[in-house]
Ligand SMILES: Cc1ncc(COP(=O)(O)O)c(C=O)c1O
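Just one chain is shown here, as structure tokens, and it is the form predicted alone.
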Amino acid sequence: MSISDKTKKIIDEADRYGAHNYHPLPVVLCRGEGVWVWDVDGKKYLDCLSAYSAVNQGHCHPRIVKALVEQSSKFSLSSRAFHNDQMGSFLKAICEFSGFEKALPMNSGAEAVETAIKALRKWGYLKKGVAAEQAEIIVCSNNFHGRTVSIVSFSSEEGYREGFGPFTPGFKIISYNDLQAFEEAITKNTVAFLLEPIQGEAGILIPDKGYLKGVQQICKKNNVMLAVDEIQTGLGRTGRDFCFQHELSENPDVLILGKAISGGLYPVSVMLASEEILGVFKPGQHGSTFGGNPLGSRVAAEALAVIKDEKLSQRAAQLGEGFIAKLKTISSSHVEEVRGLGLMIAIEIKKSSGPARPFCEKLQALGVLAKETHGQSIRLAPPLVIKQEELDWLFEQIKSVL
């Protein structure tokens, strides 16, 4: 794909001075508004990645931008050495929105997952009576929960682990979407089961109906905490406020959120749980300089209000159902399967047609930014503010490429 001298100069600069830990499409973005982004050459694209669902509210949502600007000029950071006037109202808002008793704010999704791991282990020792240093957390193959050493310790993707050992012990990997494997893996030392309700990075893998309900029942029977990572699936993406609500009538024990909780304008994440679980932390045992800061709290509170006020979960459900059905009508020798829930969708490319990346490059040439995942899947996750006519246009571009 030919690129301009301007684009090439910027990419070359990033390659020269940056680590090569990503392989992005050859486009340099400089502006975003709603579902649209523009590159440095002025070309306009429909964003079908939404920064991995961090901008469910759309790029630079005016309400969230206003909150960011107002708060940044007033007070940005105090650290948790002192109280600030924004954190409490944000925590109240997210607890009331989700139905959890307590929340612990952090910055990145990986930090929130690490927070959950620490809390669940400590709960196991203090509340369940697991012997010291013996706590186990069960996870699923093909999981993606972040990039820290502890998190890649329980990844089944060798590319995430190679060269980064020695790894953190205390995790057991089982097959996803397999209730029998989960039940058989539980021991007296099992404190939690950590999973994604849809595996996003693995290619939008959706478990069988009844899987999450069965998992919750097994957890209750064995006094094992159910921790659900909704960093990608949460906050409207799948057509409900949280993906687990498609199946569970009762909250899991732990909910982990990030990405869209701040609308893409500031890194914010949160672990939500009961007083029994989050009460295990005492002063000095866990923290973050930036976690719960006034700027992040104000931005996240407004981003959450936008999701509610603009009914983005309902929009995702309505628009996603129609869009998925329409994608399934495309007759193409390249397509193995179309799967998705809400506006979290994957088009699986047959291995006989080669990898998915060339299809993404052709979409880019037509003004659509999508990204392959796990080689064969084209991930489609536009901002939830997308209009029907924009989805119709997107469909035509996808159809022409396939």
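Residue numbers here begin at 1 and follow the sequence given. Computed from a predicted model, the values in this text were never measured in an experiment.
Omitted here: the form predicted together with the ligand. The next part is about that form.
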Next on the checklist: Within 4.5 Å of the ligand in the predicted complex - does that hold for a heavy atom of every one of G146, E196 and K259?
Outcome noted: yes
Checklist entry - Though the ligand is not shown, can you say which of A110, A103, I218, I186 has a heavy atom within 4.5 Å of it in the predicted complex? => result A110
Item to check | Candidate from T190, Q86, Q232, T115 lying within 4.5 Å of the ligand in the predicted complex - any heavy atom | outcome: Q232
Checklist entry - E310 near the ligand in the predicted complex, any heavy atom under 4.5 Å? => result no
Checklist entry - Would E201 show up as a contact with the ligand in the predicted complex if we use heavy atoms at 4.5 Å? => result yes
Next on the checklist: Looking at heavy atoms inside 4.5 Å, which stretch does the ligand contact in the predicted complex, given the options 174-182, 218-226, 284-292, 138-146?
Outcome noted: 138-146
